[in-house]
Ligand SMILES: C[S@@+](CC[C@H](N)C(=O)[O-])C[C@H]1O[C@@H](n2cnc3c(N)ncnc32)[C@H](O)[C@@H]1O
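Form predicted on its own, single chain, as structure tokens, below.
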């Protein structure tokens, strides 16, 4: 790794360490928002799940209900320390996603939520995910849409793009090409579900219970999504 990339990695790590230290739980969605990813993957009991960029371990907390072996990695040592305290039975390590500290063909499922757009070498990260997973493995990514109103007109025009956290975005076609080029085949693409679940509850004035484990369809074009929810599998 050259000095420029190493310096950029340190900047990203430092930003997340500061964020997790100061904002902690308030920075993330509640645990109930993470069930949908596990449901869409159809997690099987006894399987092995890896959450890349696991943060404080929200998805791993949800994963406890599914009877699977749980692992996670994160660049932030602050996040890893906090996650280990919450889920001591999970194997959570401080590591760079470009060099996953696991043997070949270990995992049945990989999740990476709101983080792939932040990594420096996306191809390397996807290749590493491919290495540590079985041929039958399935993947779930939540990634930002560069064509969304929020990204084009709020983040960019108002200068709100988080440069220290290496915040990025790409359009649907570019994300799909990236996955295909790294041996992954798209099974499903949905709008980010948490805003839809929140809207459903808001429309009922909070009187209607929301099933956070069920996907909600919307009439809006997928290209209008703030974030894309990809479900993928390895190509044959």
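Residue numbers count along the first chain shown, from 1. Values in this document were obtained by computation on a predicted structure and should not be read as measured data.
In what follows, reference is made to the form predicted in complex with the named molecule, a form of this protein that is not presented.
In summary, among the residues 133, 115, 71, 145, the only one with a non-hydrogen atom within 4.5 Å of the named molecule in the predicted complex is 115. The contact residue chosen from 129, 137, 75, 83 relative to the named molecule in the predicted complex is 75, the criterion being a non-hydrogen atom within 4.5 angstroms. The candidate spot formed by 170, 184 and 222 lies out of contact with the named molecule in the predicted complex, as no residue has a heavy atom within 4.5 Å of it. Comment: 27-35 is the region of 197-205, 27-35, 171-179, 62-70 lying near the named molecule in the predicted complex, near meaning a non-hydrogen atom within 4.5 Å. By the criterion of a heavy atom within 4.5 Å, residue 92 is excluded from the residues contacting the named molecule in the predicted complex.
The named molecule in the predicted complex is not approached by residue 110, whose heavy atoms all lie more than 4.5 angstroms from it. Contact between residue 119 and the named molecule in the predicted complex is found at the 4.5 Å heavy atom cutoff. The closest heavy atom approach of residue 190 to the named molecule in the predicted complex falls outside 4.5 Å. With contact defined as any non-hydrogen atom lying within 4.5 angstroms of the named molecule in the predicted complex, the contacting residues in 7-29 are 9, 12, 16, 20, 27, 28, given in sequence order.
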